[in-house]
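Here we start with a single chain on its own, the form predicted on its own, put down as structure tokens.
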């Protein structure tokens, strides 16, 4: 294979693969450089108890049209996320069980949460999707954390704790880490709180038979030798004639480059000439959400026979979120998420210690049957090479000062990745859409 092409794509996650796919379909030659020994980025495959599993991104939300179209094209079917039965919530040291979408909380807390949701959705609609930093109250909202907003505006302890669950469950970040402006924009990108926390018709609507990981793998197979693995890009140099990407295994040349990855990990690439200050500072400021995804296998879906949906949400357990993962004819499993500060703490623990703590929590949630696991797998995304976490988020002062650099090309270097998308940012859908956008940008310039 030649080391020269029209476009170099850095990263073989769904954003990079989609960009490459679009470019090839429109007659451009492409080289995709991937640092890992696999494709998929934040989508990752494993095997557990004889069944393929996703230990990265897994759900397809309602309205994720590009992802669903890609799956249909590849012949991959979906099935709905199971939600029948009682959901468990542990908050402020108390356990409650409920069915439906409304948790069992004190009446005053429920009223406060309803008013909070209405206010969030009213304020998020004031943000211009392409430029949220230009909203009328952008500087005010970007000057505070979500935590400071919660403390100032919510009075009941239960409402405060529930509000803190939102960024932890959605982006694996603590409320004290994220700007209130960034939070509102992230809500807007996903159409609001109901969608974010919803199963049917929401972000957790469905999964793919055989696993999400099939999609990037098959996309890469179609691209063939254009995808180069174990080729971590260390340096990107550009001049008036083109770009050169230096990897551990060689150098590659092209007219343009698309860097498809989260801003934080991209900071490890050396750029020549140096990136504009706003883009470089964006890389430095956008930390990744801290998460460890755990999958536990059982002989039977005992939680269903006991009337549980398999869903658990907690405010201060090692596990922040648990969901059912069983399709009839496959091995029953529970999906568990260690999030935020708990993920940082448990990253330093051994895998066996994590397993012990996870099973102890599942026993407390569902009963002694949870001890009889036939398989355990976890993936600490904080130490995953070239990814380093879940979704990039912004602390106060970042969006209003550097947000405009998110999609703005730097010379011949263009940007893709889920975080760059105005719609469905943080979702696999956003990654695919960003790849299409970046490819269109390059083609438009190439046609000039």
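As the structure is a prediction and not an experimental result, all values here were calculated from the model. Numbering follows the first chain given and starts at 1.
The next section is about a form of this same protein that is not shown, the form predicted in complex with a small molecule.
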**Request:** Determine which one of 259-267, 101-109, 159-167, 302-310 lies within 4.5 Å of the small molecule in the model of the complex, judging by heavy atom distances; exactly one does.
**Result:** 259-267
**Triplet 15, 291 and 428 all within 4.5 Å of the small molecule in the model of the complex via a heavy atom** = yes
**Asked** in the model of the complex, does residue 43 have a heavy atom within 4.5 Å of the small molecule?
**Response** yes
**Prompt:** So in the model of the complex, does residue 35 come within 4.5 Å of the small molecule, heavy atom to heavy atom?
**Reply:** yes
**Any non-hydrogen atom of residue 232 within 4.5 angstroms of the small molecule in the model of the complex** = yes
**Item:** Exercise: residue 413 in contact with the small molecule in the model of the complex, heavy atom 4.5 Å
**Value:** no
